[in-house]
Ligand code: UTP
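First, one chain by itself in structure tokens, the form predicted alone.
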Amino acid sequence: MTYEEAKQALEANGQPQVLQFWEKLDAAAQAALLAQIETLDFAAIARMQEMLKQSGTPAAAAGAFEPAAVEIPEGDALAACVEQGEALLRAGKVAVLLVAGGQGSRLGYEGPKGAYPIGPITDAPLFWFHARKILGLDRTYNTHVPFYIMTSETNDAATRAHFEEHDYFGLPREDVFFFVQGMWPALTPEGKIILDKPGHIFMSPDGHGGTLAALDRSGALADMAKRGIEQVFFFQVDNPMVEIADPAFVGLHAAKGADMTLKVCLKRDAHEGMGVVVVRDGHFAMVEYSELSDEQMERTNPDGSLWLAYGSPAIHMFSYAFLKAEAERNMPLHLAHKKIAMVNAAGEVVKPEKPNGYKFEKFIFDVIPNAKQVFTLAFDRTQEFSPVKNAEGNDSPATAKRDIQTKWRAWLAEAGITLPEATPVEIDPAYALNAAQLKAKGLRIS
């Protein structure tokens, strides 16, 4: 993009201030600014501006809703789901999609969150847990499960380097597809693009809902089509206990002919920060915990159980056809009023004392109302969910290591092996994906 092209585009869209310090920039800074301007989606910015105009009006009431029914297949029904899921895995019809754009700063770690060391013995990173489970699927079903990893501008290079350093954790390189999350500018209350330096537009990630557009833009959807993928397993990087593309989940989703299936688990308590899947006006939807009143969160059924008992940890199955269709839609926008450093008329960077601008995001669960068939599958969180979100307390490295070792110790016990509680345990998922596989190894204590 040339300066004249940039100037014309900005003026046509009411954003000429982006070039106000052009003459003061050196050649490298001018080139970098032009590269940023070229990425701007002015149609999306127009939607953001319209949303700002409406932001002062009262939010629409959430309306009446009921918690969504939960599937808990057992016996023959569970066996049928597993059989169908295994058949799809063997046929190479399943892909894995990981959202991994975050940094580990909240954990005191400088680098991609997926590179954070969590192995109880080896300090293996989160990425190791996920990649080795996929390798375990490859070996178990004599297949190739492609691994699509969404990074961000902040951590893309470091994530790729991390996989290189670890030789892709044993996965075939041709089966690992990195793609970068989209970035959006922040706007002033008047709808003007914010500069955080004289030659730089403040940008922030467009949210996990941006996964769909990024899949399309990067060629990942086309790659899935070329491979004949029918079902896509979606999860977030911070949960080392996730059961990736487990056959029961894959099979239930396929058997129901679902566009989207969500895993849900019993909440730790009424106020745990998890969204809930509901039915409103005949359509499925996700209600975030921040949108719930205390009364709704604490309401109980006649038997004393929570009315909104199940929460979503962002573990989903999508049909490929639904993902492709949704990638072509404009998703709803969500705004957040934030403190954003910005330059004043003199080109000086000013750090505000109160919120002065708006960031915009898309959320993946906003596709739910568009799905013709939606189901929720309940799972045991002690077996599949212990995220690494906080440095201390709940959902921390300490609790994740504790929970996953408890799971592994149970596997060993089924195999007839009991270890002292103080003995650390770590099992490579590529060696055994579950208790049955571990038991089949015929392990003995020497």
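Values in this document were obtained by computation on a predicted structure and should not be read as measured data. One rule holds for the numbers: they count along the sequence shown, beginning at 1.
Keep in mind that the form predicted together with this ligand is missing from the display, and what follows is about it.
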Candidate site Gly14, Gln17 and Gln49: all three near this ligand in the predicted complex by heavy atom within 4.5 Å: no
The unique member of Asp138, Glu361, Glu243, Asp175 whose heavy atoms fall within 4.5 Å of this ligand in the predicted complex: Glu361
Answer option from Thr376, Ser319, Gln84, Gln103, heavy atom within 4.5 Å of this ligand in the predicted complex: Gln103
Contact flag, Gln236 vs this ligand in the predicted complex, heavy atom cut 4.5 Å: yes
Pro205: touches this ligand in the predicted complex, heavy atom cutoff 4.5 angstroms: yes
Residue contact check: Lys401 to this ligand in the predicted complex, 4.5 Å heavy atom: no
In the predicted complex, Leu323 touching this ligand (heavy atom, 4.5 Å): no
Option from 253-261, 221-229, 207-215, 280-288 whose residues, in the predicted complex, bring a heavy atom within 4.5 Å of this ligand: 207-215
Residues of 134-167 having any heavy atom within 4.5 Å of this ligand in the predicted complex, listed in sequence order: Met150
